[in-house]
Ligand SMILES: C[S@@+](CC[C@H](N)C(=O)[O-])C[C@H]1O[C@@H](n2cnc3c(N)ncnc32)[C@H](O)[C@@H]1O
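Okay, so here's just one chain, in structure tokens, the form predicted alone.
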């Protein structure tokens, strides 16, 4: 079976310029991905297995199939293949330090706090946030809403299981308190049941309508804007701003800047922005 699949992949014709343009338009229209010139090899490498396994002889045939599939399953699989899910625990650690020192202390009088990890990928950001919040706000209700465009990444995130190698940057105290080890010596760790109960995962496309029952104290949407063109960046940033409570913070990636995007947020420091207004003192009602 494997040999047959490999042969089918080998028989797929090379990606033509017109096919790349067709896929580029579909990706931009569907989830905002800006596939610029020079990304042809990346697109070919990531989609070739889907094309071959579907017994399509060309990328054009495959693209037409995706468009014709009214279930949306083929488009979701294409998104999973094209989405970049590189992340790690404590990535860009100064953000978590700022959250711990400058943001969370102001919530000490609240019953609870809810944050949103808007592009959670495989979940390392979610569990890092959960550890920071539990350390800073013991005995408080903590909730993290987590979303991503990739179903594949969300499955990993919700399970919360990571190899020991992936967890090597985590403080030993966190591993002991917030994770459950597997194997002796441990070869993997899973976020504890208590931690997993604090996170809710769902698939969400940031260029579509965003609807939440409440506003968030902070939103982490990092290393996503770099994949959007400027009009899409502006659209997404302003949607995120609407989802922030007054006084709430938006964290973007250090490789990203909102200086060329029209928005209503106040600049705090590189990659951190604040929504104007006075923060409420109570736990937001559901």
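Remember, predicted model here, so these are calculated numbers, not experimental data. Positions refer to the first chain, counted from 1.
Here the subject shifts to the form predicted in complex with the ligand, a form of this protein not shown in this document.
Looking at 39-47, 242-250, 52-60, 26-34, the stretch with residues near the ligand in the predicted bound form, meaning non-hydrogen atoms within 4.5 angstroms, turns out to be 26-34. Only one of the listed residues (74, 150, 134, 145) places a non-hydrogen atom within 4.5 angstroms of the ligand in the predicted bound form, and that residue is 150.
Residue in contact with the ligand in the predicted bound form (any heavy atom within 4.5 Å), chosen from 157, 129, 191, 119: 119. Although the partner is absent here, residue 204 is a contact residue: one of its heavy atoms lies within 4.5 angstroms of the ligand in the predicted bound form.
Though the partner is left out of this view, residue 196 does not reach within 4.5 Å of the ligand in the predicted bound form, counting heavy atoms only. Contact check for residue 86: a heavy atom falls within 4.5 Å of the ligand in the predicted bound form.
The ligand in the predicted bound form comes within 4.5 Å of no heavy atom belonging to residue 66.
Along 213-245, a non-hydrogen atom within 4.5 Å of the ligand in the predicted bound form is carried by 222, 223, 224, 227, 228, in order along the sequence.
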